[in-house]
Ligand code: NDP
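Starting off, we have a lone chain in the form predicted on its own, written out as structure tokens.
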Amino acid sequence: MDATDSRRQFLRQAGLGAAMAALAGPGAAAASLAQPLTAAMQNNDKKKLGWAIVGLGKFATEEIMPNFKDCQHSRLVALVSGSPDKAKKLAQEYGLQEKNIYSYQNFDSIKDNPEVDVVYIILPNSMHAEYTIRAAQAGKHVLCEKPMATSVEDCQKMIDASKKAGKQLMIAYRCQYEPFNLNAIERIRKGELGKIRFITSDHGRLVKPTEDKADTWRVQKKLAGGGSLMDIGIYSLNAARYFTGEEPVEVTAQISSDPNDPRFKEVEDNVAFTLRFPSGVLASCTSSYSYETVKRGRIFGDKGWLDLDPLSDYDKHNMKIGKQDGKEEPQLKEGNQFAAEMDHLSECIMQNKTPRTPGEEGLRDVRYIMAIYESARKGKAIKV
């Protein structure tokens, strides 16, 4: 069995093909997710597109770069960093040519490098728009970390720049390429839980800016754009959308932050928000920067419930299902969501197909996030 056959077998076992086909439900969210994952895997072209990583922080170096080893259509060829010594060390570790190391100052010269097809933006949120636009103007496709940007206006500018350049723009919603989440979507669409009535999703972590360098920018409004909602609440928000296959029509929210905690001088801590969907489904979601890590979701239907705990971790996922006749804990195989995500964009580029999570998907979430902030500020429900 060669690598391509092995990957196809994994996808079949994980139920990903059926899951993606099942996504073609009502609403714009479902429409943007409806590309079957298996369709992309029919490409037998062994070509690997060249990727440049912009920003060599903890997430890039510990999660993204190591997972190129499992990619079939993507390879790491270039680095962009403000730390030349760090970039050179990593380039040596990954066997990259020194000429493929860029700074933020000479980033635009990447347009002259034919080895680079795709640029992956892994920078603080407020920098996403600038470097996505510059990458598009340099003639490169872009994968951008979530949240897409810190304003709706910047999201639209990113979309417009990519379209003008004739290049793909995809937002890194890794959970939408992860087997447990995809299997949950499949079960919901097949009606295993009956009519969906309610969803809960909670995402919290202890932000430690004085202990963890990776958290320093997260408590700075200028760089992060917001606090826990922008960073991890977006997982709850996005999950509610892809589980229902609908777009919310109304949001309500409350925000609570300790005024004496220096971490929350500029950004929010606790956020509780409710999304109302056209079908009547309510989603009650939370995010926090001040309690122990939680990344869970539960979908309630009139025939059963489904738990994902964790919902959005890097590994060790777990699913539980409860019905009238008992409970079960499906044993699904973990998948490399990072490799799947990057390969999906590479394949879409090679096949000239729209990615499952394009710029428009990121713009929607940022629009809802802004409505959540508005609701909390005004103390009333906001129509969206």
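The structure presented is a predicted model; accordingly, all values stated were derived computationally and were not measured. When you see a residue number, it is the position in the sequence shown, counting from 1.
This next part talks about the form predicted together with the named molecule, which is not shown.
Contact between S83 and the named molecule in the model of the complex is found at the 4.5 Å heavy atom cutoff. Among heavy atoms of A91, none comes within 4.5 Å of the named molecule in the model of the complex. By the criterion of a heavy atom within 4.5 Å, M319 is excluded from the residues contacting the named molecule in the model of the complex.
In the model of the complex, the named molecule sits within 4.5 Å of a heavy atom of P147. The contact residue chosen from R263, K157, R134, R174 relative to the named molecule in the model of the complex is R174, the criterion being a non-hydrogen atom within 4.5 angstroms. This chain is drawn without the named molecule; in the model of the complex, the residue among I101, A165, L123, L282 with a heavy atom within 4.5 Å of it is L123. Here the chain stands alone, but in the model of the complex its contact with the named molecule, taken as any heavy atom within 4.5 Å, falls in 216-224 among 216-224, 242-250, 263-271, 299-307. Taking the named molecule as it sits in the model of the complex, the stretch 303-323 comes within 4.5 angstroms of it through a non-hydrogen atom at just one residue, Y314.
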